[in-house]
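Let's start with one chain on its own, the form predicted on its own, as structure tokens.
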Amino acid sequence: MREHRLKVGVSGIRGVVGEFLTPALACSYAQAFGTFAGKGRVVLGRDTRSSGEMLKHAVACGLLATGCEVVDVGIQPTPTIQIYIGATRARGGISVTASHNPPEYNALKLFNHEGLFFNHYERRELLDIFYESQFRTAANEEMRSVHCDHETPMNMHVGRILRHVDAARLKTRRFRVALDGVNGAGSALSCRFLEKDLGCDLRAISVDPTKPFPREAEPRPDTLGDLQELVRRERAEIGFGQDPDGDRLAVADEHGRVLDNDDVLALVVDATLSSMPGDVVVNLTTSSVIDDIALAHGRKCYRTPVGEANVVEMMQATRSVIGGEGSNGGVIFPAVQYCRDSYTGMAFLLDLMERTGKTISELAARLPRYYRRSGKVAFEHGRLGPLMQALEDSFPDALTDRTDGLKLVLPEAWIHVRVSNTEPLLRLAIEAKTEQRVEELYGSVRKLLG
């Protein structure tokens, strides 16, 4: 049976281009978006995938057909697009990007007038319009045009971040920084931001947006070998790895060791709570190290289902000052924008190193120690319910949380199994205070899930 690789999730629609995600589908989805948003300006940008230009034109056609005016910002990081949407009071925006997914995928990420992912009610209304094909059709005299603005979004993004770090002191310090931009949407902005705005001595690879991704798109320890080698060869003090749309951040220390993404978020949370009053929001798969840090600062840590939109909604409801998704390297700092933003993460870590005088490995070593293991498991439709029930029955003394799949909380450990938002897979995450306990739990759960 052919695997159906088209997914409608919390952030939009994505799939394998050509076979499932077609220009006609992209145009129709854009017509639904334009009908929902109403007449006015809609921001449109993309990442560097080879299918991006084609799909961008299809989306522009759909928007124009409903009477929208299109502001084409070109190749931009997703957080940059989100900031620009909210700042310019557009009706909304679309980013043509599949983020960390392989290059054969692409997607439409949809944003409302604040530059935020659609909430549950907005998504439901948009999907009703899409499935019923009740699109607004602009009359000839209502037809608008496409305008380009490639510089303003980057300037806005950088300006917001620089309000929260001491750029003058960072320029004086002149950190030697390694960067792997995966030839993604952030290639130009990342080099400019680190070199010009933060004064770093930059050693960069894979920052040519005209070339294909040189590695797997998701920045993980097993995909960042070139960054690790660059750090060691150039004697960099820190290394940064991004995904193709610039919202995820991976970090290598001065020895070339890639930090766990949860520890990266933990360092940013600790730095933020040290200077700002407020609480924290993370997803269910993020490490308990965040709970420990929040407790140390006398703050609360709220948890949500996986997905940026879910975390942001809770952050707004609780007026939290920092949050994110440690499991995927996503830092969310509302004072810049309610979105995952690798640039805020880079700036905050460099600022923390400068203020404390400590290396990134020394800072990471101060964090409470947890061991983590994650994986993916294929599953057949119709078997999900029995699998989850069997898993729950295997740990009868665990506290259960069913807000996103199944999370089982054990003494000094937890297990989280959920359906992926972006792929037809089960995602498994396990954490414990000892490495032996993690391996025991991982082995037993994998065996149970088949």
Partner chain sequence: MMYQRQLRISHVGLRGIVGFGLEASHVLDFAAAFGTFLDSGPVIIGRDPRSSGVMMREGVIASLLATGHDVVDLGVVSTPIIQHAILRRDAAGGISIGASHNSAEWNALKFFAARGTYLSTGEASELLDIYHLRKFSFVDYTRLGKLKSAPEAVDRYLDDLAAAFDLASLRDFRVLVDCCNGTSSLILRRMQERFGLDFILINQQMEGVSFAHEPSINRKTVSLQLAPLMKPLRADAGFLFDIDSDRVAVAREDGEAVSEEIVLPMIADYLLPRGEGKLVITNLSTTALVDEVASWHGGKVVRVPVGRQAAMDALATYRAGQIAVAGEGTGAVMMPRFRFVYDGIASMLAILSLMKERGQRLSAITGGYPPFSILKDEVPLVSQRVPLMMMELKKQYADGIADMRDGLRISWPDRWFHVRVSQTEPVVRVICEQKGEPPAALFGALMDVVRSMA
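Positions refer to the first chain, counted from 1. Just so you know, these numbers come straight off a predicted model, no measurement behind them.
Beyond what is shown, the protein has a form predicted in complex with its partner chain; the following relates to that form.
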Exercise. Using a 4.5 Å heavy atom cut-off, are Gln31, Glu53 and Thr137 all in contact with its partner chain in the predicted bound form?
Worked result: yes
For this session: Work out which of the listed stretches, 119-127, 143-151, 167-175, 82-90, brings a heavy atom within 4.5 angstroms of its partner chain in the predicted bound form.
Result: 143-151
For this session: Spell out, yes or no, whether the shortest heavy atom distance between His57 and its partner chain in the predicted bound form is within 4.5 Å.
Result: yes
Exercise. Taking 4.5 angstroms as the cut-off for heavy atoms, does Glu104 touch its partner chain in the predicted bound form?
Worked result: yes
Problem set entry | Touches its partner chain in the predicted bound form: Glu19 (any heavy atom, 4.5 Å) | yes
Exercise. So in the predicted bound form, does Ala65 come within 4.5 Å of its partner chain, heavy atom to heavy atom?
Worked result: yes
Seminar exercise, completed: The listed residue (Cys61, Ala398, Leu387, Leu406) that reaches within 4.5 Å of its partner chain in the predicted bound form by any heavy atom is Cys61
